[in-house]
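Listed next as structure tokens is one chain, alone, in the form predicted alone.
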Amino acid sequence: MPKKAPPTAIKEESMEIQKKMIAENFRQLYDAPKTGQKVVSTFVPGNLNELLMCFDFARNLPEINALQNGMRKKTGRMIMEAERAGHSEDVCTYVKADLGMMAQGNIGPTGEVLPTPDLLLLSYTGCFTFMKWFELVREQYKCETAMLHVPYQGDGVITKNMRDYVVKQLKQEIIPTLERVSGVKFDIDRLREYLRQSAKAEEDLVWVLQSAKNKPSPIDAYFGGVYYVGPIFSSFRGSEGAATYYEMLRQEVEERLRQGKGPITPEGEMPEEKYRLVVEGPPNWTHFREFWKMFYEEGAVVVASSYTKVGGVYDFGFRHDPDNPLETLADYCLGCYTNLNLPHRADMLAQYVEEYEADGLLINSIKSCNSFSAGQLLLLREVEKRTGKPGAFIETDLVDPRYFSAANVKNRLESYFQMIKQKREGSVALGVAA
């Protein structure tokens, strides 16, 4: 008997629009060899998208390729291909999905061939794997590589020396390389205009994410949030299209607030908000819809998450500043979530639990992602101690379907929701007794 196809997921208008934006970027990449447009590959955290736009590069982001392939359930074969070539099971599965995709013809998530990049630009922010990843990719493409070294926030503070160090590299190494590879002269006024568009989009995004402080929350800031941050974390930040998208998204959420509605799920509007959670760590992409369903079927809404800050922690005040264009690019790179130390991350997560009146912190520990997973148990215990709210720990992976156990995840989540319920009932009983 043929396997029944899952019903079509219900999406907000904004989700459909960002899906089209991502598809258009893949089309631009596919067309680049024919149009003569230069191509740069870069990563999400700390990316210099506004600067790259000044040189008319088409932007390719390997993490986006991997997660998009994961959501289309293509990465299992790609990962096996990379492991057959000698890559360890413990290597980041984004890396193996990327290398496996290249080995299979470099056909991207939309079925279109991805071009050979003219430049690999690594603006390193918090993940050593990125450096090894680009070394492996460079061996395949034989193209130029440029690296912007970003100091780690060991003490949780961006100092003047750090900023000056990054700006110096931008002036002396990165911009000259971009000029030479692209053939386009740098125009700082053009950069300023892109940064204005970024700041506008960032303001609206922060408003949307902070709307989850309402009860019921009109959004899910983890599962729904990955759609919301898609344009600003990828190749659209700085564009007029991104600014328009976030203005429209804000209006959409404002209307949901006026109507007192909860989030939209793949099966429609969530009828009742029973649990409010803060989530640390990326989602699983190969079973994204099934994973989300485990939450909304229980009435659990994620009101804040660390993953939606991996490409920029805007809700703590940062905005791209067109009046200080190179300095603001430096601050952006320095301030990404994976470049924060553990005490700073604990502060942030505890603040989310308290400000969003969450029932607790849930950690999704990713097997192959050390940038997120290192120190997560310490974070869990610290946030529990500070907030008095219970925490829980589940384990999946980014894009390796072998490491998603639906039964195990579901059992842990159900136990966690039961724990929250019992803690609430105990608090009510103590209140009555008093």
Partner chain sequence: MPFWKNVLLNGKTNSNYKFVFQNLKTKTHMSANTENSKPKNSDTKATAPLVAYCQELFDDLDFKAVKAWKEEKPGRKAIGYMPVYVPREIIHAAGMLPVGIMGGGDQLEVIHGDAYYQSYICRIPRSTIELGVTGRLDVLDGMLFPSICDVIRNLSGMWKMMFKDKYVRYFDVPQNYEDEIGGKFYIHEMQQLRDDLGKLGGHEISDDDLLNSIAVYNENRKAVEELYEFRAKHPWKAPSTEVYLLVRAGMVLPVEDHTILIRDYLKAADLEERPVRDNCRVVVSGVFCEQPPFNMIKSIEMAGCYIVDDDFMLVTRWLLEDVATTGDPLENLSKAFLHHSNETAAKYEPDVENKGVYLIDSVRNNNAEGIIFAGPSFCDPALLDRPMLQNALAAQDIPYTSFEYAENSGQMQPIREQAGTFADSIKLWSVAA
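Residue numbers count along the first chain shown, from 1. Worth saying up front: this structure is predicted, and the values here are computed from it rather than measured.
Just so it is clear, the following notes concern the form predicted together with its partner chain, a form of the same protein that is not shown.
The shortest heavy atom separation between Gln169 and its partner chain in the predicted complex is within 4.5 Å. When contacts are judged by a 4.5 Å heavy atom cut-off, Glu139 counts as touching its partner chain in the predicted complex.
In the predicted complex, its partner chain sits within 4.5 Å of a heavy atom of Ile366. At the 4.5 Å threshold, heavy atoms of Glu193 stay clear of its partner chain in the predicted complex, well away from it. Annotated contact segment (heavy atom within 4.5 Å of its partner chain in the predicted complex): 129-137, selected among 129-137, 247-255, 202-210, 295-303. Proximity to its partner chain in the predicted complex, defined as a heavy atom within 4.5 Å, holds among Val184, Ile107, Met80, Met147 only for Met147. Proximity to its partner chain in the predicted complex, defined as a heavy atom within 4.5 Å, singles out one entry of Met270, Ala350, Met162, Val310, which is Met162. Of all the residues from 86-121, those having a non-hydrogen atom no more than 4.5 Å from its partner chain in the predicted complex are Gly86, His87, Ser88, Asp90, Val91, Cys92, Val95.
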